[in-house]
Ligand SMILES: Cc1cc2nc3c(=O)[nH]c(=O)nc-3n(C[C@H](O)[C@H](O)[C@H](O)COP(=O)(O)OP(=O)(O)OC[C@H]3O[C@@H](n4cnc5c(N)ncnc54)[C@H](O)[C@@H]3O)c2cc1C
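Presented below, as structure tokens, is a lone chain in the form predicted alone.
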């Protein structure tokens, strides 16, 4: 990286100019083509997607492996993501722990009519899946053992990054000591509060919503029949996602004060309130495990790349949880970046150059804007009782029920089958 390039990053950048002493230590470094910081779902997906790319990759995860895997979270995995997982060779391990979605029921409070999406609306065998975080991450990490070109270090917090002419030097804390390594490209998959993004001076735009999500696992008395529900209430959307063993994941969005009150309820009172919101179609509900709460926000980075640096997943963007799009955007980021890096490597290009990385930025940043806008609009239009908006959304739901092309367009957006698909999502590899 030249000093001119360094000036384009930001005054607060972590990419410091190396000292003469560090240049003398260069022979002791371990060299990699790609260093991924963050070993969660998105970072691990990128590492697995770079298998057979010809690139040497290191994946750095700061937290102990048991802590990361134990997260009590579950996700809607859309068709695009499942195809990416299949192509990188992890879907066979994930599939037994992923519950299929055969139908999606969309409804608005006070309106008896429901929009029902089924497989024939899309011409596919399934509409998506729901899986727990641990199921997905364990499969990805197991796959890493078969990636001879990937070094996985955990726990291994990144301590410092230093700019070199042709790459970045990393100082990583491992086994009580500092390990030095050099990489041509640094990928930030380190979450919504990404230290790498902040230190590089990349600005973000967005806002915190007035809502908070209460999430929990419940076991209904009656079968869930592989149906996913999205029920819109004036306070916020309420989602029910089917999991294996007749479990369900609920995502209850409400204003912050109301969410705090829901969390404060004793279990019996919570289940009673949940039944009122959930309905009685599944019988008696049983709470499995603890409830959790997390804030909602919209965030988009002004840029996804700088020389030698790329952002993926929550480090680059974050959307409202309505529709379950968040993690799927990150998985698609990883597949797109892997495709671009592999093609550039095969053509003899510098994978860390801004010219190469801008291909990823142009592709994913603008596609993500569409989804971020879609989820934001959906939440705002449905999470209120303003009469003109009530009329507007009822008209929209009627259109989805009555106009098959409109239903198909909406379904393609929800399942990740719109926009430019990475080759990994098409069952192809370069």
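Numbering follows the first chain given and starts at 1. Because the structure is predicted, anything quoted here is derived from the model rather than measured.
If you look for the form predicted together with the named molecule, you will not find it shown, but the lines that follow are about it.
Chemist: Just to be sure I understand the contacts: of 304, 117, 252, 75, which is the one whose heavy atoms reach within 4.5 angstroms of the named molecule in the model of the complex?
Modeler: Looking at the other structure, the residue within range turns out to be 75.
Chemist: Which of 139, 357, 327, 186 has a heavy atom within 4.5 Å of the named molecule in the model of the complex?
Modeler: Filtering the options by heavy-atom distance leaves 327.
Chemist: Heavy atoms, 4.5 Å, the named molecule in the model of the complex: which of 34-42, 369-377, 386-394, 401-409 makes the cut? Say which one.
Modeler: Result for this chain: 34-42.
Chemist: How about residue 63 - does it come within 4.5 Å of the named molecule in the model of the complex, if we only consider non-hydrogen atoms?
Modeler: Looking in the model of the complex, residue contacts with the named molecule include residue 63, since a heavy atom lies within 4.5 Å.
Chemist: If we define contact as a non-hydrogen atom of the residue within 4.5 angstroms of the partner, is residue 283 a contact of the named molecule in the model of the complex?
Modeler: Residue 283 lies outside the contact set for the named molecule.
Chemist: Taking the shortest heavy atom distance, is residue 157 within 4.5 Å of the named molecule in the model of the complex?
Modeler: Residue-level check for residue 157: yes, a contact with the named molecule.
Chemist: Though only this chain appears here, would residue 230 touch the named molecule in the model of the complex if you measure heavy atom gaps against 4.5 Å?
Modeler: Judged by the heavy-atom cut-off of 4.5 Å, residue 230 is well away from the named molecule in the model of the complex.
Chemist: From first to last in sequence, which residues of 256-289 have any non-hydrogen atom within 4.5 angstroms of the named molecule in the model of the complex?
Modeler: Stretch hits: zero.
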